[in-house]
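Okay, so here's just one chain, in structure tokens, the form predicted alone.
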Amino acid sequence: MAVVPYKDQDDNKKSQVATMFNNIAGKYDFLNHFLSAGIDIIWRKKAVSLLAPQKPKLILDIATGTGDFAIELLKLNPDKIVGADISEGMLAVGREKLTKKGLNHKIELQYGDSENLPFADNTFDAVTAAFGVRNFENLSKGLSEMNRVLKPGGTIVVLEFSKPRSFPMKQLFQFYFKNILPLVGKIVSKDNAAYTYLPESVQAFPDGQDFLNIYQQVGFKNTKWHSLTFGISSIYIGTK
């Protein structure tokens, strides 16, 4: 049974996730940084640093949202970054952000379904995703699509929440995710389900070695897993 934001609705997970992000788009960046105490910014910088040795020139950022990770990827000096997302609300916020920063010539944001990407095979030097693959309706299919559009020898970098397993971080994490985060998220975003869905989706997500196993099943090689901040998030790397 897939974890979905709105349990009283019959729409599939993909539709519900798009609706959820449309609902919270205006508050998403603020809540992201506030609820993580800014640590999410450090995590993104780490993920970019791990991709740096590959010097990718054409990058696809999946589930790009408002474009924060795409903007961070500019530090690699690529020729172009394409950001894809299923939430038009998030993309609208992202485009406004790019316009203000004068970055439209380097980053292009467009609608894109992770399980049916509108790009040719072997197109991108690198494919990235930050806090997005957890929301895929079909994780294996989404990762297979990321593999398909990646050039042979290209690199995939996925940054995603994971579950701490050691005392006391495990207990603190569970308390914060189940009690504090949903309450603050509900008050600020005005969406009752969005920040209840987040901890539920993290709990259901196959993190750590389980995620690497799926990486390998869809065809990625040289897979590695970097645990961050006592296991609260992880970076997963592979090559095609």
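Keep in mind it's a predicted model, so treat the numbers as computed, not measured. We number the residues from 1 along the sequence you see.
The following text describes the form predicted in complex with a small molecule, which does not appear among the structures shown.
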Q. Thinking of the small molecule in the model of the complex, which stretch from 46 to 54, 177 to 185, 26 to 34, 202 to 210 has heavy atoms inside 4.5 Å of it?
A. 26 to 34
Q. Would Ser114 show up as a contact with the small molecule in the model of the complex if we use heavy atoms at 4.5 Å?
A. yes
Q: Give a yes or no for Met90: in the model of the complex, does one of its heavy atoms lie within 4.5 Å of a heavy atom belonging to the small molecule?
A: yes
Q | Partner proximity in the model of the complex: Ala130 to the small molecule, non-hydrogen atom cutoff 4.5 Å | A | yes
**Q.** Residue contact check: Phe136 to the small molecule in the model of the complex, 4.5 Å heavy atom
**A.** yes
**Q.** Check all three, Leu143, Val218 and Phe220, heavy atom within 4.5 Å of the small molecule in the model of the complex
**A.** no
